[in-house]
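Before any questions on how it binds or moves, here is one chain, the form predicted alone, in structure tokens.
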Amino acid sequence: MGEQRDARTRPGAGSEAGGTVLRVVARELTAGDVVVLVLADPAGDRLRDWAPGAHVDLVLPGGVVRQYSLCGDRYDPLTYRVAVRREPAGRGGSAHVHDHLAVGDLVGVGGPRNTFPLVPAQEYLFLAGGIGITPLLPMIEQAERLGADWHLAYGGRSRAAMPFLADLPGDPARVSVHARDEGRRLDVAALVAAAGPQARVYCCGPAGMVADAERAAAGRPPGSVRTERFSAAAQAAPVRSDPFEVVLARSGTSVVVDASTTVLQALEGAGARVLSSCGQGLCGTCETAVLEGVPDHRDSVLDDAERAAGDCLLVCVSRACSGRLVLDV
């Protein structure tokens, strides 16, 4: 997902070092099952800056933490906007937002952080599926400000179920709508293949759509297709099933990680404080530098080049290919 390490917000940076408490100042139901929240500081203070592609954590009761893309005006210093689709088969986070979070309520917010940054280009192809439009809205605004050539292909089961559709330009040269109930299927592979050789492709949507974009990326320049997922990608079995050693470089402490333990759990058991959030390798919060050893990357954040570099891993899900890892912890 991230193409350039220095383009992403790094773990431990000021924007990730801790959360804050914001107030819900506006709320709107749209597209049938999407609630849009506007958040502000209770004292009216300025919020942390962010860039297109960034997301925040909502810290809900019971320690439930969910990540949602910022989809408002990045130049508004006083509010954040997020959109939450109700997931009937989810783990309860979206249901709480829909059923209990009201105007005037306070909610814990972590971040912003960005594992899906918009990089400079003269041409962009944006591919959205349903609620996957949210991180792309600020990207489209930025591309428009910069005078870049861009096109959005937006798919969903029906126009009524596609959030923010009415907010998009009506120019068919810029926006094409692919509603399944109208017989218009979003052919991701064909769109990626037709994109100009210098175009940057950004895709966010359901797992099948993202997988199609990633397969189509094989015929394009490395790093030119960037994706963001709603849920973790399926992973093959770990490279090694036997235990491996993890050394905490700052203290010299050594821990053993077995098949039933994550690296994050082992680090926490040794007393190390590691920021974490999603626990699924999706949000990038727990990214940790690797000083020695070969990681077994099992996240949905790092791209192929970052994985090949082997100088970091997401400790909530990733493991080791080598028998020993030395981490900058």
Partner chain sequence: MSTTAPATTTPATTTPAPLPVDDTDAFGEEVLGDPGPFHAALRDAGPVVHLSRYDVYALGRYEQVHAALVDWQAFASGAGVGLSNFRREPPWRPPSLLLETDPPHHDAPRVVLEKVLSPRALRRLREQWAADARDLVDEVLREEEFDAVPAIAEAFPLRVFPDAVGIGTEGREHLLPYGDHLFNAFGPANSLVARGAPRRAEHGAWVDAQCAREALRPGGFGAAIWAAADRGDITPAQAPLVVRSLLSAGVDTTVQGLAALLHAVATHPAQWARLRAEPRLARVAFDEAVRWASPVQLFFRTATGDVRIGGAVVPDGEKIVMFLGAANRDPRRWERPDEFDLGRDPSGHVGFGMGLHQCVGQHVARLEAESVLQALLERVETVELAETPRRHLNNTMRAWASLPLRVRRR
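These figures come from a predicted structure and were not determined experimentally. Think of the rigid core as the biggest set of C-alphas that the two forms share within 1.5 Å after superposition. Residue numbers count along the first chain shown, from 1.
The form predicted in complex with its partner chain exists for this protein as well; it is not shown, and the discussion that follows is about that form.
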Could you check which residue among 266, 60, 40, 278 gets a heavy atom within 4.5 Å of its partner chain in the predicted bound form?
-> 278
Residue within 4.5 Å of its partner chain in the predicted bound form by heavy atom, from 85, 74, 151, 178, is 74
Does residue 53 reach its partner chain in the predicted bound form if we count a contact as any heavy atom within 4.5 Å?
-> no
Examine residue 28 and determine whether its closest non-hydrogen atom to its partner chain in the predicted bound form is within 4.5 angstroms.
-> no
Just to confirm, residue 119 within 4.5 Å of its partner chain in the predicted bound form by heavy atoms?
-> yes
So in the predicted bound form, does any heavy atom of residue 49 sit within 4.5 Å of its partner chain?
-> yes
Whether 146, 222 and 284 all lie within 4.5 angstroms of its partner chain in the predicted bound form by heavy atom = yes
Of the candidate stretches 210-218, 162-170, 188-196, 137-145, the one with residues having heavy atoms within 4.5 Å of its partner chain in the predicted bound form is 137-145
Scan 292-315 and write down, in order along the chain, each residue with a heavy atom lying within 4.5 Å of its partner chain in the predicted bound form.
-> 301, 302, 303, 306, 311, 312
Once you line up the core, how about residue 56: does its CA shift reach 2 Å between this form and the one not shown?
-> no
For residue 300, state whether the C-alpha moves by 2 Å or more between this form and the one not shown after rigid core superposition.
-> yes
Under a superposition restricted to the rigid core, does residue 70 display a Cα displacement of 2 angstroms or more between this form and the one not shown?
-> no
The CA atoms of residue 202 and residue 288 move 3 Å or more in the predicted bound form, ending up farther
Which is it in the predicted bound form for the CA atoms of residue 193 and residue 301, closer or farther than here, knowing they shift by 3 Å or more?
-> farther
